[in-house]
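Here you get one chain, nothing else, as structure tokens; it is the form predicted alone.
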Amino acid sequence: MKIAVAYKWAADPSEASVSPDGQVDFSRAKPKISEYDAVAIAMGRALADAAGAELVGISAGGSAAATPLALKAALSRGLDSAVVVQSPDLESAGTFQTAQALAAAVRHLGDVTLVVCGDSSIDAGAQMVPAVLGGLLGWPALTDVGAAQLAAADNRLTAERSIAEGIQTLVATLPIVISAAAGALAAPAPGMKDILAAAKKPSQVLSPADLSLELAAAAPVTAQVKVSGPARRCVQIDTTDPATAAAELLAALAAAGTPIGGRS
């Protein structure tokens, strides 16, 4: 029995820069395994250990996704092995192309009954890959899972999700795709022992052709609209006389429709 964890080697948005015209530049941002994917791997590791299953990382992307650095970063998180679908066509792949590649990796592995995904990717953040992946595999998909237990003998997964009314408990029959909630459990950073051990773990780098996979054409971008924030007003207040300045400030706030209140 195998459990697969989908992860993405993506640019760290905290290192991106924004130009004056609002364009986000990721060219100098270093890639990493995101906190969301780290949580998914930790959840997959716990489930695999409880069920005596093998934990395999699956990923899709361009050339950077298959580098030794990327593989070591993923394998040091607790994976037993990894499979990466690599192609220039996946360099900036959308949701459907990414899900296509991940589904092909799952089929290639065989004997996979559970796929765990992160809450979202750190670059696109669409939160759609788990559902699309489930659809391509013909499996149900369950998102925002805070805790899960696997009963391999009964072919069932029990999952808990936080909802407005409290904790929702669901029981699903395998196979299934789930996504781990962002704060589902702690995902400690790998230690030196984990990093050294990662270099000895097996990995496969496959092309779409190796998997007899024909990627769908990317959806064309027909228009781009820049979202502008509210216009800022600049009101200058002479503070020579504090009382007059305070009155002018209150008048300016009232004119702008800003609620004014206080406590005694």
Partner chain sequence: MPFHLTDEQELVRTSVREFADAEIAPLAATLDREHRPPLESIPKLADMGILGMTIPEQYGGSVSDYLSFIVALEEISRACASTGVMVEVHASLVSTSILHFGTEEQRQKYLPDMAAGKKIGAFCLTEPGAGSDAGALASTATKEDGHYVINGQKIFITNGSFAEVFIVMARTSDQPGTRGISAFLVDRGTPGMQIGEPEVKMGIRGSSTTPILFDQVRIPESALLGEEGHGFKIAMKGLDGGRTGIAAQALGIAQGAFDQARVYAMERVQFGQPIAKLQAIQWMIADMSVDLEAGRALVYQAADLEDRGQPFADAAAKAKLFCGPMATRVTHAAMQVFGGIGYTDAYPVERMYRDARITEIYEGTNEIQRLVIARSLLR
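The shown structure was predicted, so the numbers you read here are calculated from the model rather than taken from an experiment. Residue numbers count along the first chain shown, from 1.
Below, we turn to the form predicted together with the partner chain, even though it does not appear here.
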Self-check item: Position in contact with the partner chain when the complex is considered in the predicted complex, options Ala187, Val106, Leu150, Ala172, heavy atoms within 4.5 Å
Solution: Ala187
Practice problem: Report the residue, out of Ala181, Ala73, Ala93, Ala159, that has at least one non-hydrogen atom within 4.5 angstroms of the partner chain in the predicted complex. | Solution: Ala73
Practice problem: With the partner chain left out here, work out from 205 to 213, 62 to 70, 235 to 243, 49 to 57 which stretch has heavy atoms within 4.5 Å of it in the predicted complex. | Solution: 62 to 70
Practice problem: State yes only if every one of Lys8, Ala10 and Ala126 has a non-hydrogen atom within 4.5 Å of the partner chain in the predicted complex; otherwise state no. | Solution: no
Quiz item: Heavy atom to heavy atom, is Gly138 within 4.5 Å of the partner chain in the predicted complex?
Solution: no
Quiz item: Quick one: does Gly191 come within 4.5 Å of the partner chain in the predicted complex, counting heavy atoms only?
Solution: yes
Quiz item: Given that the partner is absent here, does Leu196 sit within 4.5 Å of the partner chain in the predicted complex, heavy atoms only?
Solution: yes
